[in-house]
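A lone chain, given as structure tokens: the form predicted alone.
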Amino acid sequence: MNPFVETVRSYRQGASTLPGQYYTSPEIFAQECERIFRRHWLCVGREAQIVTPGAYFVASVAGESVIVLRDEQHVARAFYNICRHRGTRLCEEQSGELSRSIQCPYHAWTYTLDGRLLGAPHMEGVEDFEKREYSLHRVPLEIWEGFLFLNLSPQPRSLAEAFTPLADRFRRFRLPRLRPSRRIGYVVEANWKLLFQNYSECLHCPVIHPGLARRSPWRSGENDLAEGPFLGGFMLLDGDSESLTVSGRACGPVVGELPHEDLRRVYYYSIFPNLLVSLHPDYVMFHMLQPESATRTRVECEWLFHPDALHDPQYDPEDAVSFWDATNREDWHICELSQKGISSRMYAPGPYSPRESLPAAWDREYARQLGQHAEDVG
């Protein structure tokens, strides 16, 4: 019997934290890459990053480099960042504007923006060579609420099917029309799961986040997604606070068509396996997680606002950015301390409290996703 399979099965109940090797083992991290990150829809950015034909960025996904672009027919597409000639990486820059084609920097094989091979110098005399057989390798790409999602699985189920529990849940926030104000990148010396678990509870807020606790009572609110790959709910704003900002004032117009009760709520959702979405009345913040190893995670955090907030001098989007940048850094620091403690040979799984039901549920989903293919490794 595979001991890994038995370990996954035994921790599906989620009554206690995971064993230490799940946060430190390169072997388990490799299994996560294969069974989770190469099989699931992963968020890589926003549709607003590729507005015009030729606009592109490069995403790192589970060890692969992927070009995400807008073609000449205004279709969003994704391709593996490798030439079909000798495998050279095509795009070196992380983002930019392509002309009407993509050209390999090695031997000048050239591709249209929809991936077809356009030119292959010196191949005229190669027997049976057909350009149509050497298009760029496509990566499935879909759009949800303005977010771009990739899937490295050869035959993934549709994003709409995978995201059925989220259908129309955020429509009132009108996410596709929101515009970015800032993006901040962080490198956290901690396992990616610790960031999800930290995000999923506010038991730590009075100790770690005094600024947040003043604006949003940590015991307030309730969860509305409590099991499965999508978890979360809302917390309330303090009576004197208009928003989660340094000043406590709103930093933009209401983002969408929100009912009265939403004007006093902030919604927090984790979207397995790499997206965190925080929806405020006057802005939306999201985190994209890119695990780089068992002990390091890269995080891209971006703030989205009603378009009017970026041009009206009565609003200050930086009021929200500064608030959450400080809060983020508090979270990353405590996650790094957790990583150091878990790395001790004296660490043993500890029990979750009733206030940590979402981290326990997240662990159960993680174990299910990691374990459903564990039998394949014998």
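Keep in mind the model is a prediction, meaning the values are calculated, not measured. Residue numbers here begin at 1 and follow the sequence given.
The same protein has a further form, the form predicted together with another copy of the chain, not shown here; the description that follows concerns it.
This chain is drawn without another copy of the chain; in the predicted bound form, the residue among F173, F234, F149, W109 with a heavy atom within 4.5 Å of it is W109. Proximity to another copy of the chain in the predicted bound form, defined as a heavy atom within 4.5 Å, singles out one entry of Q290, S181, T295, Q197, which is Q197. Per the 4.5 Å heavy atom criterion, another copy of the chain in the predicted bound form is contacted by stretch 124-132, the sole one of 226-234, 70-78, 262-270, 124-132. Contact annotation for I342: at least one heavy atom lies within 4.5 Å of another copy of the chain in the predicted bound form.
The closest non-hydrogen atom of G350 lies within 4.5 Å of another copy of the chain in the predicted bound form.
Contact annotation: G87 falls within 4.5 Å of another copy of the chain in the predicted bound form, judged by heavy atom distances. In the predicted bound form, another copy of the chain lies farther than 4.5 Å from every heavy atom of V51. For a residue to qualify, one of its non-hydrogen atoms must sit within 4.5 Å of another copy of the chain in the predicted bound form; none of L212, V246 and R249 qualifies.
Along 49-65, one residue reaches a heavy atom to within 4.5 Å of another copy of the chain in the predicted bound form: E64.
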